[in-house]
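Next up is one chain by itself, shown in structure tokens, the form predicted alone.
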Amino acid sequence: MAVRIRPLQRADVAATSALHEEVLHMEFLARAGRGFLRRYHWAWMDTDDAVALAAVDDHEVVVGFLLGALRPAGHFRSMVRRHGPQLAGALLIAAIRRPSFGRELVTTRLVRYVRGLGRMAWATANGRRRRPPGGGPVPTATQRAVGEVTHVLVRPDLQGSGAGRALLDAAAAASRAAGVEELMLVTPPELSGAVGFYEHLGWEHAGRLTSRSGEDFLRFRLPL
């Protein structure tokens, strides 16, 4: 099957949200349902420094997608700033419609989310106070530019078709063009075969991390 990689479009979110819910059913955000995921995917691609790609077949059917960020911290702040109220509303609706998800949200995530938003608001306000006259970026020490890939999903019946490799190659190319020196990738430990797949493509296993939503993920790195 021929696969073409193109930027993710708003018309794709029905397909990508269904695929997200199907493949990553163990993920917290996936348990919020397709309504929330549609809003989440749209917010992701409509944000500064986003990497949002679709793998499509000869008939323009979405068979896979990738979400990432060239500058993760800035991307997250921009996403919350532009789409925070809409995402919060969609999360609330999901909690009402899915009581088990709502209980999990309140008991395990709500305090963490509120604290995170508070820290982000403080950092944004502090950054504005430090911004030099006339605008421009706030001076910082030289840091290694590290991008992030948070989701790489391919339709289960088409895994092994080359779509996943093509998505990752396209993300790496876009990152190099933007001056990113290294990519980090996270995947749930429950996804069988993921470790071998990423290592086969040259990604190095780099331990574990805990996401903003409190979940454990395996982490991989790819020097660019």
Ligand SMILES: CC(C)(COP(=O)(O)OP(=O)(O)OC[C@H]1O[C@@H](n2cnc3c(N)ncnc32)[C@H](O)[C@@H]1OP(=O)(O)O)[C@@H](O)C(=O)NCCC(=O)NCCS
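Counting begins at 1, following the sequence as shown. Computed from a predicted structure; not experimentally measured.
Keep in mind the form predicted together with the ligand is missing from the figure; the text below concerns it.
Contact residue in the model of the complex, from Ala18, Leu201, Leu209, Ala206 (heavy atom within 4.5 Å of the ligand): It is Leu201 that has a heavy atom within 4.5 Å of the partner.
Out of 171-179, 31-39, 151-159, 44-52, where are the residues with a heavy atom within 4.5 Å of the ligand in the model of the complex? Stretch with heavy atoms near the partner: 151-159.
Would you please decide whether Leu24 lies within 4.5 angstroms of the ligand in the model of the complex, comparing each non-hydrogen atom pair? Flag for Leu24 set to yes.
Touches the ligand in the model of the complex: Ala69 (any heavy atom, 4.5 Å): Ala69: no, not in contact with the ligand in the model of the complex.
What are the residues of 163-189, in order along the chain, with a heavy atom within 4.5 Å of the ligand in the model of the complex? The stretch 163-189, when checked against the ligand in the model of the complex, contributes Ala163, Gly164, Arg165, Thr187 at the 4.5 Å heavy-atom cut-off.
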